[in-house]
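Quick heads-up: the structure tokens below are two forms of one chain, split into structure 1 and structure 2.
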Structure 1
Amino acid sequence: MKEYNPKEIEDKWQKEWEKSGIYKIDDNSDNPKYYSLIEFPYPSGDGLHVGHPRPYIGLDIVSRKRRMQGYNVLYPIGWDAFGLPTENYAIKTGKNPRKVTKENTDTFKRQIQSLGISFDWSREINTTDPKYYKWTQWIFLKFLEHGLAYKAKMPINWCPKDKIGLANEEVVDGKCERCGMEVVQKEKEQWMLAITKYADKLLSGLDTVDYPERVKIQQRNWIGKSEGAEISFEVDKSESLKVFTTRPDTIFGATFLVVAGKVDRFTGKYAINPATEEKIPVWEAEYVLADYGTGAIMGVPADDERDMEFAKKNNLPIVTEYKKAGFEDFGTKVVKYKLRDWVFSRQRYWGEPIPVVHCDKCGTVPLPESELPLLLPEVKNYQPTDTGESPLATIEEWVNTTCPTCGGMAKRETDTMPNWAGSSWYFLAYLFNKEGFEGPVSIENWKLQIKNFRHFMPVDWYNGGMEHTVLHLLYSRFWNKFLFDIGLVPASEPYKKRTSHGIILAEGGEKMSKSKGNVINPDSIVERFGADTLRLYEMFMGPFEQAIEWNESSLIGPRRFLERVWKLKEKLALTKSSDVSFGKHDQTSLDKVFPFATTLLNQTIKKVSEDIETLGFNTAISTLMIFANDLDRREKVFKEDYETLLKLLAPFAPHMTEEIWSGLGHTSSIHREQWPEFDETKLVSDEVIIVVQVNGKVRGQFSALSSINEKDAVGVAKNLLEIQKWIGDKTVQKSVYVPAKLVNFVTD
């Protein structure tokens, strides 16, 4: 029999799939739609490392299963290519960021295609393409038209290293989330998007979507809706200080006021507590946020830990017993949010130009649709200016222009949009027809796309990084809700379902990074082991939503499993319906030959089907391994059973299963076959949790069908990463198996 040669097989079928367009969405299909979406990648110059494909493979498995279930699946890919990394590289090398981006996307595309991901490449998008960002600019003008985009002078978060303004969301523990530099405050005029006007809609929409509860909590906490009261405290009989509190009933226990820096003119003065009519001091403290509430709070030590700590530190009065006030006795009921309007402009080059001009006569004037896209001009120097202006400000021939309204002299806006802009609507861009990108920017052209929006939106399943469950998710929901409100998209929420994946860590548990020299390139893994092995390993190495440590030696297990499936071809018998003997047996009924075989088959179909839906890819693969082992123990294997195994395995290992399927005489792709269904009446037992011990101590566990035998249970247990860690180089002297309950390895 021909040896399993993954390189030869994978090259063959990737070319065949591209030629046939098998994964291209059928615009004229009568089948129900299914829209699978990943967060499109930022194409860095280093190319992919083995952690990048994990979410692509995970949702690829879902998408492949959906196609086999009869859905018309859209699984698109593109590039989120504006932003600081490419610009910083351009500054360092002097290389044009357009050229850098093209080189990077070409590398990423080649690497992704080598993994057999079933993306529809005909819908590939790139946020730096003028055909794309002309619509990003148009949407911005819609925000401006409806009063949700405005310019305001304000203190902003400024990164001295990157020389860029940052949104509050981009500052972590007082530092720039990108470079780690300490952020400073700087007065500057900035473009803002009034996301706060959508705070309640963003909150209420969370009740209608299938997101993990922790993601909903993160979103709610970031928006930070608080119902409370504003209370005025008279200060020196000449002015008053207004505080916000969620506990106005505790006012009788207030013994001091605390203000943030922006209202520190009150520091050192005394205010009158309207409940007790006593004088209480006004202090300044860092724990009061200037941009939340009124920037001032009342200190009630008995009811707040921070107030208590502050009072003790500064020898302030502490009242432990006091009467409670009514909720509206001393103030006005109000609702406040932690959410702030989005700082939308950046003083950088590599971003979408903001399509407005500034005219002394007419003020801020939007460009007409006919002038979009406003192209990003070529510059010689990409370095931001020390004055805080964008490099675009130095290009006089571009900056100086005429006003679209009066025809007089005007100057272009030189700030650019943040990298969040293009990623806030890309899920819609995948649905554009050819006219959407090739045609003019106009409301009429946008409306031509609404038919596709109605058909495909909302996204059925969206998977992305856990680090993006606040910012990107919030921003893109905001953009979609705005477009919905003005009648340009059909659904208020863009995503029905959202899940997240854990990252892949380098060996040793560290995060992969070029500086640490621990990055694993998938090209070398594909070359040595094959793409199907890499796909299988990344799904088998641990729970999909958890961070997992890379262990190259563990690739051997998935590779051997694929080889075992490959060799099962040698055992094929005639079909079950054939009236011939089966091996040494006279019965034609598989049930009589192997009493548990039919049960195991149906349990396998059920478990793999359900595990894919819950992202339990590791347990789905364990189940397939057990089923394959069961087939391997038989003298002969019925073709129907083998083909069922291949269909269930196809989403995980698409190349090898396609090759075997073709070799069995099928002329159509296995990925267009019908997904197997189980017989409910032949499921005699449910799955169980089997505990794994090493020398009597619990070191792991796995789920399996209750009919699992000792050989399979020991094999699965031994392949668990957490068990391999405890066994190490030791010799397993004995394996103890308690059926469907426990495996214990005794080592020397």
Structure 2
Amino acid sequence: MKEYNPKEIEDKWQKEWEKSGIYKIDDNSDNPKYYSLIEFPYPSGDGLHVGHPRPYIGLDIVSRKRRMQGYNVLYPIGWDAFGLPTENYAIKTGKNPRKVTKENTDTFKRQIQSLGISFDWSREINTTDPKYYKWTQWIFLKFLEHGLAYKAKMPINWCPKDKIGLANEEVVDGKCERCGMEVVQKEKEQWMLAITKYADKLLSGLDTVDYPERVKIQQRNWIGKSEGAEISFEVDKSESLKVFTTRPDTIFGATFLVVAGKVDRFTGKYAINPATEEKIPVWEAEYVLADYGTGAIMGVPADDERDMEFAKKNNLPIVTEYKKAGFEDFGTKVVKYKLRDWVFSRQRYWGEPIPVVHCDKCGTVPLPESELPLLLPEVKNYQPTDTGESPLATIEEWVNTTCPTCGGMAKRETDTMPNWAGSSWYFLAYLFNKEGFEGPVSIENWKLQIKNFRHFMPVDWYNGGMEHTVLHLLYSRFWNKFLFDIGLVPASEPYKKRTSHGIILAEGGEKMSKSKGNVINPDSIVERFGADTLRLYEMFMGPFEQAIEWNESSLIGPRRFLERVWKLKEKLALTKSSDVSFGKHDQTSLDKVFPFATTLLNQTIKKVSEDIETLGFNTAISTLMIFANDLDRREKVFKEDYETLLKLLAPFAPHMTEEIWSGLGHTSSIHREQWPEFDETKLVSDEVIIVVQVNGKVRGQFSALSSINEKDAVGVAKNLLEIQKWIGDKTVQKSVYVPAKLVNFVTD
């Protein structure tokens, strides 16, 4: 018989699947939809490492199971391709980032495709494609139109040596990531998105979605809502100083006020405490933050550790027992958030150009829809300019333009969008039909897509990294909620369910990185073991949500398992309905001949089905191993049992199961078979082992019918020799019976 040769099988079926298009979504299907989503990758120059596919494989298993359950499944992928590493590489080498991106995505695509993940490649998107980013620009214009995009002077991170503005990600411990120079703050006009206007909606929406609790907590903390009161303190009878406090009830204990370092107008003056009507001093200190609340607080040393410390240090009065005030006795109820508006511009080349012009006469003017996409022009030098402006600022023929409103001279905005922009709506981009996506940017065209949105949104299951909890996940919820409010998407929350995968660490527990030289490339694993083994190993190595070390020597286990399933073909002899050796048996009587086998089959179907839903891929696989081992121990294997094993294994090892399936004479794909169902009545076998304890310690066991009643079970247990020995001449005070499982005798 033919040996298991993964390379041959995998190549063959990947081509076959592509040809038949079995993973494509069916736009005309009446079946219920299922939208599975993974965070689309950033195609870095380092290529794929074994950590990348973990989430893809996880949701691939879910998606494949859903197809077998009859769902019309959309499982798409694309490229989040704008970003700094590509730009830095372009600066260093002078290579065109567009070209670099193309090379990188080609590599990533080849690598991902070699793993047999059931992505619908016909829906592939790329955020750097003008056909894509024209819509990103259009959504920005919508924000502008609704007053949620605005310009403000903001400090940016500035490296005085490299003379460039740095993204937050490029600042490590307050120093420039490249040269190690101390980063300074420089004031610059920035585009902002008013995410704070959505703080309450982003918060309350969390109650309606199925996210891990820790994700919800992190988002809540990040939004940082606190309810308190603003209280005005009269200063010099002419002016008043407003403070924010969550404890207005402690105002009788306020013995001083503190303003943030930069708000020094009141420093050294006195204010009147409206509760005590006493004069209290106004101090200035760094522990009060200028950009939170009102930038001023009332000092209540008895109630706040920091106030206490400050009071002691500066010999300020401390009042310990004071009267409690009502919440609004002296102030007004207000709500404050830690969340800040989103700094939305970058002084960088490799991003979406912000589609506005600056006209001396008309001010900031948005480009009309008809001028989208505003293409990113070719430049010779990708290095940011001396003034900290984007390299786009040096291209005069691009910068100088005419105002769309008055036709006069105008200059283009030269800042670009952050790389969070394209990923804030990509789950919608997958739903566009091709004509719409490539067609004109207009509200009419978008509205033609809404029926697709209505059909597929929200995303049913979204898996991604914990590191994106307060960035991408929050940003994309914000964009979706905005689009929902202006009637352009049907669901207020984009993702119904969110899960997170743990990262795969290098052997030794460090993160995999090119600089450490510890990256494992999946190509070499696929070459040596096959994609099915890699898939199985990544799911089997440990709990999906937990970070875990790569361990090369453990790969052989899943491979052996696949070999074993492969060889089981040889034992295939009978179908349960055949009358060759058992005469005219129906299935029921065969179940009587093989009661344990029937129980195990049903338990396996149940456990694997349930584990896939709860990310318990590791235990699902061990259950399949137990079942396969059991079949292997039998003289003959029934076709029904074997085919059930293959179907349950198909989402995990799609190539090998497809090969065996077709070898068994089936002409259609196993991945379109119906997912096995279990018989609730056959989960417990008729015969069971009952454990007997004396005082909680296991001392014996016996086998019995599972229907045995308490009286009989206790009776049998008590008469066991080893139990007699342990009870001896002690009195049994009490016996505990757990049906069909355990008897425990309690003695004096």
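Under this definition, the rigid core comprises the largest set of C-alpha atoms superposing within 1.5 Å between the forms. Keep in mind the model is a prediction, meaning the values are calculated, not measured. All residue numbers here follow the sequence of structure 1, with the first residue given the number 1.
| message | Tell me which of the two structures is the form predicted in complex with the RNA, please. | response | Structure 2 is the matching one, since it is the form predicted in complex with the RNA.
| message | On a rigid core superposition, would Tyr737 pass a 2 Å threshold for CA movement between structures 1 and 2? | response | It does, since the Tyr737 C-alpha is displaced 2 Å or more between structures 1 and 2 after the core fit.
| said: Using the rigid core as the reference frame, would you say Glu378 shifts its C-alpha by 2 Å or more between structures 1 and 2? | reply: It does not reach a 2 Å shift.
| query | Just checking, between structures 1 and 2 and with the core aligned, does Lys237 shift 2 Å or more at the CA? | reply | Yes, the C-alpha position differs by at least 2 Å between structures 1 and 2.
| task | Would you mind giving the Cα movement of Pro155 between structures 1 and 2 in Å, after fitting on the rigid core? | result | Displacement of the alpha carbon, after core fit: 2.3 Å.
| query | In Å, how far apart are the CA positions of Glu278 between structures 1 and 2 with the rigid core superposed? | reply | Residue shift at the C-alpha: 5.3 Å.
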